[in-house]
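Here's a solo chain for you in structure tokens, the form predicted on its own.
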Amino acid sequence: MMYWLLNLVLALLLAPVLFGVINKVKAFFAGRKGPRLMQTWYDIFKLLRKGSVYSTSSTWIFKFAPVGTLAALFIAMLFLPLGFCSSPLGFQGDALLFLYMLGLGRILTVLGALDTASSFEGMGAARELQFSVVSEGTMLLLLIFLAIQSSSCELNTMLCGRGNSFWMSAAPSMLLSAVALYVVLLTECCRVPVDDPETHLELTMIHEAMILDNSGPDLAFIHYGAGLKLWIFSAILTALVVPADLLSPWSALLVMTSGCFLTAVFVGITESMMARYRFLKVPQMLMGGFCVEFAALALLLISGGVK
């Protein structure tokens, strides 16, 4: 219990730092110094000291959306086996609750954007929902893949109940699942090539378009929630790739933390090597990720790599 709580506190503290790692990698490729690693934390503290401005057309939904989204992401994190340590809150079927919490966070963000009566935020919300249809389908296929492989619907067993033997027996399907999950990570966390978090041109924004009217503490909650979401998917990707049975408790803590930061490095490299896709190209990439995960599931069933 204490070891898992240590991993949870470490994740809550280090999640916003992932954006600093991404920006440092992008600055390295551009030949610049780049912002500080802790810049996101500085921005969050600065926003918390400010006041929030609300439109006369908005209701309580707009005020509740940032807090509700952050709460949904935090609840989803409580079921993850952080540091390859089983969550004490896990139960059979928590994988579906985990997926629903992620979906609830998205819906609250969309409702908050629509509540402003802004055409630009409505446009961003429509794009967010359009792309989420495929990315959530890919994530559901990944959970089915892990459930079949581990013979369980509990995230603890699905992510940490697999050992080196599964990589030996189902390496191609595991590799394909990792690729599909990385595509989902880029989509869910609004990164290039799906979205560009640094752009401020309304016609090309997705996530940034939905938070144009947020300010002060509300915007701080949104930034921190984005960091938590990136840490969640990075932790899942690390747990998917690394065999848990080869690690001792403290080495598992180091590997999980290093894996999350290494994922941020890969995201920075991806954003440095390619530009954001046109909106007509994004669904094709997402469908490609869905097909990759479907192929991984088919290979698993054909090879018989089931626990």
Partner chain sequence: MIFSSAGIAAAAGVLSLLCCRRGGLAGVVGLAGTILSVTAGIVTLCTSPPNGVSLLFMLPTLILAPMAAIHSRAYIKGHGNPGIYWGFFNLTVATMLALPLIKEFLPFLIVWELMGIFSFVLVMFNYKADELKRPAWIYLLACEAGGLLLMLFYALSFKSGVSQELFYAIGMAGFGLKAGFPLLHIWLPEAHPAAPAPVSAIMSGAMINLGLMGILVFVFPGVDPALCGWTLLILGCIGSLGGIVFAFAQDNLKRVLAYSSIENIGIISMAVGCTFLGGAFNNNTMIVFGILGSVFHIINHALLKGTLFLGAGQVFCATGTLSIDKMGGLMKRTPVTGSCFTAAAVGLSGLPPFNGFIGELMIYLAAFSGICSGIVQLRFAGIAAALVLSLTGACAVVAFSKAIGGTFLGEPRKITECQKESPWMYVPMLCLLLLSVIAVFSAPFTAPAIIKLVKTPGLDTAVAGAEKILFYAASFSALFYILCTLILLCRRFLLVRGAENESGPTWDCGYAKPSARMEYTGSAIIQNLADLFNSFLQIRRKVDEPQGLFPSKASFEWESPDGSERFFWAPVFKFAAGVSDKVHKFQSGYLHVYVLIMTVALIAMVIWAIVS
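Model, not experiment: these values are computed from the prediction. Residue numbers count along the first chain shown, from 1.
The form predicted together with the partner chain is left out here; the points below concern that form.
Using a 4.5 Å heavy atom cutoff, none of P35, Q39 and G225 lies near the partner chain in the predicted bound form. In summary, the region of this chain contacting the partner chain in the predicted bound form, judged by heavy atoms within 4.5 Å and restricted to 23-31, 50-58, 259-267, 235-243, corresponds to 50-58. A residue is said to contact a partner when one of its heavy atoms sits within 4.5 Å of a partner heavy atom; C85 fails this definition for the partner chain in the predicted bound form, lying far away.
Taking the partner from the other structure, the partner chain in the predicted bound form has a heavy atom within 4.5 Å of a heavy atom of G103. Although the partner is absent here, L175 sits far enough away that none of its heavy atoms falls within 4.5 Å of the partner chain in the predicted bound form. Though the partner is left out of this view, L70 does reach within 4.5 Å of the partner chain in the predicted bound form, counting heavy atoms only. Counting a residue when any of its non-hydrogen atoms is within 4.5 Å of the partner chain in the predicted bound form, the hits in 135-151 run E136, G137, L140, L141, L143, I144, A147, I148, S151.
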